[in-house]
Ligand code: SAH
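Only one chain is given next, in structure tokens, and it is the form predicted alone.
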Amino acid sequence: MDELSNPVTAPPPKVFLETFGCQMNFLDSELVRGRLAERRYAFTTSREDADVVAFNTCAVRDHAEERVRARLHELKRAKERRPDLVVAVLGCMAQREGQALLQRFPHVDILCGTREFGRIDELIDRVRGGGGPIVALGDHDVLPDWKRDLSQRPHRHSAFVTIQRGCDRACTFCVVPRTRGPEVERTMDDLEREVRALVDDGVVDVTLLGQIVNAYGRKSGGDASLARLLRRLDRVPGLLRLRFVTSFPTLLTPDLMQALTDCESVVSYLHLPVQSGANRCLKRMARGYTAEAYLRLVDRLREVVQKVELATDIIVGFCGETDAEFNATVELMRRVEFVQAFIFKYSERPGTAAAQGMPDDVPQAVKAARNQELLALQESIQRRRNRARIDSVEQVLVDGPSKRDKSVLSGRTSANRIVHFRADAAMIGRVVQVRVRDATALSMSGDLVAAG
């Protein structure tokens, strides 16, 4: 056979992509995968096999950045052995550090900012063609422009949908306005089209994402608001569950509360970060509300949405936090009884108002002790409230095999409680009824009663 009649096709470049941080980062990584898949890139779970190693980063806490720095140190020798290996840092850490990151890690080829993900294929192609390093930090006033590849989402029955990016607030501890830029929004028509396309492709559970998701509508003008968007999406046939994160307390309007009650698909779970239970600490954080105002809001919300369950974020050891201020946070947690609480030790973030004007003066040992005390309190609350549901029948959306035992399925209630039970894998993506027979602080277990 003529050698030219059977040309050898080069294998597609393989990409290893690791994601750190929040739900929005994981959605961004999904969109990056879609962009690269369109350009015939392949994907691998092994860094050693990859032609491109990319980290989609988080800058909210120093711990997340330290993990990325450790990965980059590990890649230095790999880059020396394989000069053609492309190393890319994407997202918030790239946006925050910029050129300084390249000075520390000169073997990095690409810095891709939070609104440049739509160009990732172009950036990689340029480096593979001999150009680089490349710094693409982009324009903070525009949204990434790309079409979603539905095949790239990790779960067939659930999906994240970004409705808003960026933040116009100025909380003194937070680096997000610097890394994600000012608020920009998508139109309700665009969002409804995407959700309908996802549902047509098998999605029954949608989570709407935004840095401050209930700020949606402030930039769009007209009749746009999160409450109106929920009402529109609630009418999409086949959408069983609709949720949103993360909300800001002062923007929880009466109209939004009513939508939580009126919309059948909207879950009874609301993530409403309080950060601290002490007024002086909240003032130093520039949160714009008092603990009393937060508690009044909780009371009103529970009047309007009777089955609502609340989750929160709390920072311990913020600048100047006294024992009395910490104890006020303890009392607020006891008063509200959150279904979940994400508790973090304060870590100073460069470029924030706190880092520039407030001493990080709470000793690390005190931060650690306070963190453990709140974790123990939250564990006791969750255990007691979960055990109170023993013998109840819960509506559970089945997510897939349990992480602890692959022979057991795992799903979540409308209030985001995890439930484990035995059933056929064909139940994944469906809502089933499970009678609870046991519970711990982290999850409940039970027996299948009926499938929806």
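Not measured: the values here are computed from a predicted model. Numbering starts at 1 and runs along the sequence shown.
Just so it is clear, the following notes concern the form predicted together with the ligand, a form of the same protein that is not shown.
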Interface segment, criterion being heavy atoms within 4.5 Å of the ligand in the predicted bound form, picked from 190 to 198, 326 to 334, 203 to 211, 83 to 91: 203 to 211
Partner-contacting position among Q382, S268, T246, N371 - heavy atom within 4.5 Å of the ligand in the predicted bound form: T246
Within 4.5 Å of the ligand in the predicted bound form, heavy atoms considered, which of R284, R186, R153, R349? R349
Do H107 and the ligand come within 4.5 Å of each other in the predicted bound form, heavy atoms counted? no
Contact of V60 with the ligand in the predicted bound form (heavy atom, 4.5 Å): yes
Do F173 and the ligand come within 4.5 Å of each other in the predicted bound form, heavy atoms counted? yes
Can you check whether G217 is within 4.5 Å of the ligand in the predicted bound form, heavy atom basis? no
Within 310 to 332, which residues have a heavy atom closer than or equal to 4.5 Å from the ligand in the predicted bound form? D313, I314, I315
